[in-house]
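The form predicted alone is given below as one chain in structure tokens.
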Amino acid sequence: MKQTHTPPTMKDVAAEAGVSLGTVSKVVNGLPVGEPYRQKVLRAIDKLNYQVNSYAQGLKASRTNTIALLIPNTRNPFFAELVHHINRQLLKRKYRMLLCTTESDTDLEQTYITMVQQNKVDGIIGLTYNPNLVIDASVPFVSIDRVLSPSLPCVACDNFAGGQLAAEKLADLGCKHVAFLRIGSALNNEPNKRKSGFENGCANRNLHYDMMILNDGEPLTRFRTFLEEHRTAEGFTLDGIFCVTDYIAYCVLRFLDELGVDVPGEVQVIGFDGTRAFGSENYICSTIVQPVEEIAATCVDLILQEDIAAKPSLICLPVRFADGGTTRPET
């Protein structure tokens, strides 16, 4: 059986260096001490392989340099990219990220909130779905995509402008009869504004549109049924489709292929998010791109600021259109 050794303590370092425990504490915590003593302590730390308990240090200082991130999952490419950029932003500032994947379970979201508060994190960034989330007022919290209260800042892309841009882009590309496809819940959040933005864009350009909105959990094959209904003997009656996520667009493109509908010849498709194909820099479809890096940087900037309650309750960042091959080239 392999023997385990007790890790060296500060007392062991002090004995090895021939200095007081207080001197070791000063060196470990970066406080001023005579250079000869500092060198003795550093040599002893190196010899004994003493590991500083930075978490315990943080608790004593009422800071742990740890930010918790609550995210529905990391399978969705948009969520995964968001995790990547938030982690990078925190590392730049010498902070650690505690990742909590909630699988969109509202009870689990509250469990994680309680857990990370007990672990003394310095703040929480959350993309959540629980309308009754209870958050300790002493813990800084930044929301993504949902305004929780006037005192908690929310960071989102300009979803209304994105929906409007999608409608106007389809009109500019010659579309006359378009469709809006969405999956979502009754929860009031910023992405819901994509619908009203799209409707506004259609009104501005006199675009006729149909809508198919599924509730969370409904089968995506209902979109296929909707598309089949627009497949007539004369051809496909839709010439443009806006999907409120790139994942929906990905599924719709597969359904259209199964129905023998040519994209972008017969119908043009625009998604939302800016998802890129695995292993390449190509967008999986023409899309409204969310500024993921800027969203991440803004969240981290906010969570690390002192007076977070004084910040705006909603910060909207601009979106842009990117051609991903499912729309015709602009003339």
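Every value quoted in this text rests on a predicted model; they were computed, and no experiment measured them. Think of the rigid core as the biggest set of C-alphas that the two forms share within 1.5 Å after superposition. We number the residues from 1 along the sequence you see.
We do not show the form predicted in complex with a further copy of the same chain, though everything after this point is about it.
The stretch among 124-132, 150-158, 173-181, 109-117 whose residues place heavy atoms within 4.5 Å of a further copy of the same chain in the predicted complex is 109-117. For the marked spot (G162, Q268 and F321), a heavy atom within 4.5 Å of a further copy of the same chain in the predicted complex is absent from each of the three residues.
Shown alone here, A277 lies within 4.5 Å of a further copy of the same chain in the predicted complex, counting heavy atoms only. Residue contact check for Q39: none of its heavy atoms lie within 4.5 Å of a further copy of the same chain in the predicted complex.
Contact check for I284: a heavy atom falls within 4.5 Å of a further copy of the same chain in the predicted complex. Contact annotation: T66 falls within 4.5 Å of a further copy of the same chain in the predicted complex, judged by heavy atom distances. Taking a 4.5 Å heavy atom cutoff to a further copy of the same chain in the predicted complex, the contact residue among L259, M211, A203, L98 is L98. Though a further copy of the same chain is absent from this view, in the predicted complex it lies within 4.5 Å of a heavy atom of just one residue from R254, R231, R222, R93, which is R254. Heavy atoms closer than or equal to 4.5 Å to a further copy of the same chain in the predicted complex belong, across 143-178, to no residue whatsoever.
Fitting the two forms on the rigid core leaves the C-alpha of T237 displaced by under 2 angstroms between this form and the one not shown. Taking 2 Å as the criterion, T221 does not count as shifted between this form and the one not shown: its C-alpha moves by less than this amount when the rigid core is aligned. Compared with the form shown here, the C-alpha atoms of C100 and N119 sit at least 3 Å farther apart in the predicted complex.
The Cα-Cα distance between C100 and V116 is lengthened by 3 Å or more in the predicted complex relative to the form shown here.
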